[in-house]
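The chain below stands alone, shown as C-alpha cells; this is the form predicted on its own.
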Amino acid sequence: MKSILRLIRRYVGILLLSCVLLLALNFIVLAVLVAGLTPNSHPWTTAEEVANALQWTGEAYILPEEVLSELDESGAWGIFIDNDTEQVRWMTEELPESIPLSYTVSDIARLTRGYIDGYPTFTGEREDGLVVLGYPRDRFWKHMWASWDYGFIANLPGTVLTVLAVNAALIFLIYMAANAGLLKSIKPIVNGIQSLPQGEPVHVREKGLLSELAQKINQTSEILQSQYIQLRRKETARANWIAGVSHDIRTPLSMVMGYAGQLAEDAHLTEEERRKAAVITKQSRRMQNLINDLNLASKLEYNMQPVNLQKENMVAIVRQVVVDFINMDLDDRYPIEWETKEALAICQVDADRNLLRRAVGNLIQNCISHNEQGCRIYVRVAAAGESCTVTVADDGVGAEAGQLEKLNNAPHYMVCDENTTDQRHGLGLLLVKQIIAAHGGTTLIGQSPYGGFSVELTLPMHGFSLQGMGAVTAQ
C-alpha cells in the first residue's frame, strides 16, 4: 500500500508541477509576443514627449527632426490645439484631410477618451494648448469607458486565488477520475509483487489496463510455486537420506569401535597391532562425532531440531565447557587461557544450554583437531550493549584468507581441497553457525590476534550484572 501512495503522490506532484510550469511558460510567451507585436507601446508617453519638444519661434511652432522621424516611423500624425482660439496652430505634413482644424471643448473631451474619425488619439499637455497624436486605425484599440468598481479591484487578489484554487481542484478531480482505472489495476499487482518474495501463491485478476502484466505475475507465481514444491521434495529427500544413513551407520560403527577397543587392550597382540587398533578406535570415534554433527546440522537446517530457550548464564555455560576440556588435557598439550574479565560473572541470554555447549565445545575441539603439534587456546566472554560475545582463538596453524572467506560465506558442509585424507574446517563450524543462527545470533570466523584461528559468536543478551569471579581451575 505504501508504494501505491507513493505512486499517487508522485503523479499528483508531477501534475501540480506541470501546471505551475505551464502557467509560467504561458506568461513568458505572452510577454514575449506582446513585446514583439508592440515595439512602440507607449503612445501617451510619446505624446508627452512631443508636447515638451514642440517649440514656439515667435512666428510658428516647430518640432525637432528626430521627434518627427519617430512619428513617421510609427505612422502617426500630430496637431497642436491652442487654448485661447481652440484652433489648430501646428500640424504634421501627413495630417489626413478628414481631421478637423477647429475643436470645441466637447470635441477635445471625446478625442482624449477615444478617437478622431476612427484614428486612436493620445494627448500631451502644454501651458498654451494641447498636443494630439493620431495613429493608424488598426494600430491601437482604446477602451473608451474605463471605469471599475472599487470593491471589485480591492477583492481582485482573493478572487483570482479562489478561481485558481477551484481550477486546480477541478483539474485534480478530472485527473483522478481519468486515472482511477489505472490505480485500481495497480493495487492488486503491487500486492501480488509484494507477496512473491514471501513464497505465497499469487493470483491477480487479469482485467483492466494492466491485464498483460497481471498475467505475467500469475505465471511467475506458478513457476515459483512449482520450484518451491520441487525444492522442498529434494530437501525432504536429502534430510531423510542423511537421517537414514546416520542411523544405519551407527550399529556397524559401534561394533567396529567395540572390537577395536578390545584389540587395543589385548595383551596377546604386539605393540604395533595394539597401536593400529587404537588408531581405528580414535578414527571411529571421530566418524561417530561427524555423523552426529551431520545429523544435527540437517535437523537445524530443516527446522526439525527443537530449540528449548531458557534464561541462561553464558559465562557459566562456556566456563563449564572450558573446565571439561582442561580436565581431558592430561598431557597439557592444549592449555586453555580464560580471558574473561573477572568482573563479569553473569551474561544472560535466552538459549538452549545443550546446543550452546555443543557449539562452544566444537570450537575448542576444532582448535585441537587442526593443531596436532599442540597449541594454546584462548576463550573469552564479553558483554557489550545488548550483546554477549564468545570468542575462541588459538595460536596454531590458522587458515588462509581465501579459506576464511569460504568458511564465512559457503553454505555447504565441507570445504574440500586436495587433501582428502584430512577433514578440514567445515562441518563443525557449519553446525556452530546453525546453532547460533537458531538463537538469533551471528558467527564471525577470522584470524586470531595470536596468529592462529579465531571464531566470534554474538548472541542477543537478556540481561547481565557485574560481580566478582575467580579463575577457572581443573575439577
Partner chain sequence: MDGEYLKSRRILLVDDEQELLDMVVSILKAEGYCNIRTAGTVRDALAAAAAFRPELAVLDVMLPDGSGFELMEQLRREGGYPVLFLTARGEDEDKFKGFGLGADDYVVKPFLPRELILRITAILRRSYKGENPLVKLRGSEIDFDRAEVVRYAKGMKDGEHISLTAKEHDILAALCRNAGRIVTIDALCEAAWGDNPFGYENSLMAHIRRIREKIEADPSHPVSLITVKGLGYKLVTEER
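Everything quoted here is computed from the prediction, not taken from an experiment. Positions refer to the first chain, counted from 1.
If you look for the form predicted together with its partner chain, you will not find it shown, but the lines that follow are about it.
**Asked** Which listed residue (210, 190, 99, 257) meets the criterion of a heavy atom within 4.5 Å of its partner chain in the predicted bound form?
**Response** Spelling it out, the residue with a heavy atom inside the cut-off is 257.
**Request:** Could you spot which one of 342, 86, 206, 350 gets a heavy atom to within 4.5 Å of its partner chain in the predicted bound form?
**Result:** Of the candidates 342, 86, 206, 350, 342 is the one lying within 4.5 Å of its partner chain in the predicted bound form.
**Message:** Can you tell me whether residue 200 touches its partner chain? I mean in the predicted bound form, with a 4.5 angstroms heavy atom cut-off.
**Reply:** Because no heavy atom of residue 200 falls inside 4.5 Å of its partner chain in the predicted bound form, the answer is no.
**Message:** in the predicted bound form, is there a heavy atom of its partner chain that lies within 4.5 Å of any heavy atom of residue 261, even though the partner is absent here?
**Reply:** Yes, residue 261 sits close enough to its partner chain in the predicted bound form that at least one of its heavy atoms falls within 4.5 Å.
**Message:** Within 4.5 Å, heavy atoms only: does residue 373 come near its partner chain in the predicted bound form?
**Reply:** Close contact is absent here: in the predicted bound form, residue 373 is far from its partner chain, nothing within 4.5 Å, heavy atoms only.
**Request:** Find out whether any non-hydrogen atom of residue 185 is located within 4.5 angstroms of its partner chain in the predicted bound form, and reply yes or no.
**Result:** Answer no; every heavy atom of residue 185 is more than 4.5 Å from its partner chain in the predicted bound form.
**Asked** Heavy atoms within 4.5 Å of its partner chain in the predicted bound form: which of the stretches 138-146, 267-275, 116-124, 316-324 has them?
**Response** Selected stretch: 316-324.
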